[in-house]
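Listed next as structure tokens is one chain, alone, in the form predicted on its own.
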Amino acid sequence: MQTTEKTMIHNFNAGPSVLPKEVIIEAADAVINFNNNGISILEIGHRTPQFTAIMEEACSLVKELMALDEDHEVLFLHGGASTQFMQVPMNLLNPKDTAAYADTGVWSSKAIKEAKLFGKVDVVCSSKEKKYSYIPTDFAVPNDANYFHITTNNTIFGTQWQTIPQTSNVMVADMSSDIFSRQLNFNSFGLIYAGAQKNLGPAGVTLVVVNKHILGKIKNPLPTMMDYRNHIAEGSMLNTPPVFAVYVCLLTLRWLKSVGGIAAMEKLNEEKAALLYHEIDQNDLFETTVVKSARSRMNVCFNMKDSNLEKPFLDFAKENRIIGIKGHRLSGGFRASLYNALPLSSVKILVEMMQDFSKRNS
């Protein structure tokens, strides 16, 4: 049965999150019969020509969409972004050296905690004292820091670096929740990592983009599986990769290219975010929790001015087939995640629902 506007679910989950319908359909078909081979994508060997082609195309599309130069390598790894919290300093930080970090949310604070296990950490700026409601601008990064780490988008509290800091240090970025959502000079980063389950694919695989020239400079020996150079040498198949998750990433990357790439996606994301923020700003029942200059286009966080209306609002959203807007347990309120695959029509439905609820409760 074909999904219509009246029956479709509007999925604002923060992650795992909405995927393009075309991707889900093709992935479902592949689970039954991959490329008409008579076997499932779940059954193919990771060193077969079929999967090698998948991995090579996925890496190639990442390079194409991000306009990466020859110095940058693309990896699909296990362990989620949380593993990268330790793998980054393990590869880039000597025990007596210093890494600089910006503390702008829960995930950056977790990355800071892990980095301290491997070397010195200089937290050059933090917005913690105001519940991570803004992005700091008045700070300096020490010239001798091995690298400077930022979390480009903060999923829980809804802030985003609108301008990437300019620094002579190696830039490292956790882009888990805004990868492929806007145009950036990706070659200016020494290392980028992103959990797939926001804009790229299902949970279970992590994208890493690394400039190979920043590797191999630490003195401590590295465990085999933690050394990025080994994964580069083996084409992301040092051990068995998450085959199905990588395949869905490939389908999502194909979809992204087909709709116009990152430039087209950025334009759509700006439109979606502007529509929702406008409604929050002009609706007397709601208020934002983030400084305007730091508002995320991916995770829109807002509160009900009268907390007694929170549960009725969530119930009303459910009646309108809107899911995933309850805020994180640490921030409360509401959060609408506007990832790449979320259609503009879903944001319009949410705005109409907010207007209807306001009329009923003013």
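In this text, residue numbers run from 1 along the sequence as written. Small disclaimer: the values here were computed from a predicted structure and weren't measured.
Heads up, the form predicted in complex with a small molecule isn't pictured, but that's what we're talking about next.
Contact with the small molecule in the predicted bound form, defined as a heavy atom within 4.5 Å, holds for exactly one of A81, V141, A273, L251, namely A81.
Screening T104, T155, N199, Q87 for any heavy atom within 4.5 Å of the small molecule in the predicted bound form leaves a single hit, T155. Although the partner is absent here, T159 sits far enough away that none of its heavy atoms falls within 4.5 Å of the small molecule in the predicted bound form. Though the partner is left out of this view, T151 does reach within 4.5 Å of the small molecule in the predicted bound form, counting heavy atoms only. Under a 4.5 angstroms non-hydrogen atom cutoff, the small molecule in the predicted bound form lacks S181 among its neighbouring residues.
With the small molecule left out of view, the stretch that reaches within 4.5 Å of it through heavy atoms in the predicted bound form is, among 69 to 77, 258 to 266, 219 to 227, 170 to 178, 170 to 178.
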